[in-house]
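Only one chain is shown below, in C-alpha cells, and it's the form predicted alone.
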Amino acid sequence: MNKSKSKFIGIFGGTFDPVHKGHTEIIKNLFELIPLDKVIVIPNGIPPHKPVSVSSEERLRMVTSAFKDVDKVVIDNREIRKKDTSYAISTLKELIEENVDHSLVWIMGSDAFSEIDSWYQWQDFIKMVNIIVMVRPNHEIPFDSEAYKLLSKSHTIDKESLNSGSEKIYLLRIRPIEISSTNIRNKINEGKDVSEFLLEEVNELITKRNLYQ
C-alpha cells in the first residue's frame, strides 16, 4: 500500500428532501475541523426509514446544484441508480472495496445516530468504519439509547485516529444551523417564501418544477 497516496474520505448520505443551506454549511464546517481530502455526498434512493416527497432524480438534481461550488465534494448517485431500498451497509461495503488504499469515515447527524439500532445490520455496519457524529445544540444523544451505550464503548477524542482502523466514534460539535427539510417542505406547501434557507439555484429548481406543492 502506497501511504503517500492514501486519502482520508468522508461519506455523507441523506434524503436531502430538499437539500438546504444547513447541509452545505455543515460540510464546509467539517472541512475546517477535520483534515478530509474529500467528501462523497450520497442522496438516498429509497430510504428504509422515511418516505420522500419528490423523486430521486429531482433530489439528485438539487444536490448536484447545491454542492457544485463546494470544493472537494463529489456527488455519488449509486443509491439512486439502484432503484431498491438504500441500506447504508451495502453502500459502505461497495465504497470500502472501491477505496482499498484509502481511509473512510461515515458522517451523520446526532439525530440519525441516536436511532442507529434501527438501521439494517447496524452492528456489522459500526464494526466496518469510523463514524463522525455531528452534534447540534438541543440534539443530544439520549442516555437510555443503544447509541449512548455504543458511545461509552467506542468514543474517541482523537480526531487523528479516525484516519485508520474502524469502530471509533468521534463527536463533532458543529456550528448550529437550525434549518430542517421538514419545515421547508411545510412552508412551501403553505405558499411561504423559503429562499433564506435554500441556495438560489435550488430554490429556482423547486419553484420552476413545482416541487413540494
Ligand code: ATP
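All residue numbers refer to positions in the sequence shown, first residue = 1. As the structure is a computational prediction, the values presented were derived from the model and not from experiment.
From this point on, the text means the form predicted together with the named molecule, which you will not see here.
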K50 within 4.5 Å of the named molecule in the predicted bound form, heavy atoms:
yes
Answer for K187 alone: is it within 4.5 Å of the named molecule in the predicted bound form, judged on heavy atom distances?
no
Classify I131 as contacting or not contacting the named molecule in the predicted bound form by the rule of any non-hydrogen atom within 4.5 angstroms, answering yes or no.
no
I'd like to check something about T182: if you look in the predicted bound form, is any of its heavy atoms closer than or equal to 4.5 Å to a heavy atom of the named molecule?
yes
Within 4.5 Å of the named molecule in the predicted bound form, counting heavy atoms only, one of 172-180, 30-38, 145-153, 159-167 shows up; tell me which.
172-180
Within 4.5 Å of the named molecule in the predicted bound form: all of H20, H23 and G109, by heavy atom?
yes
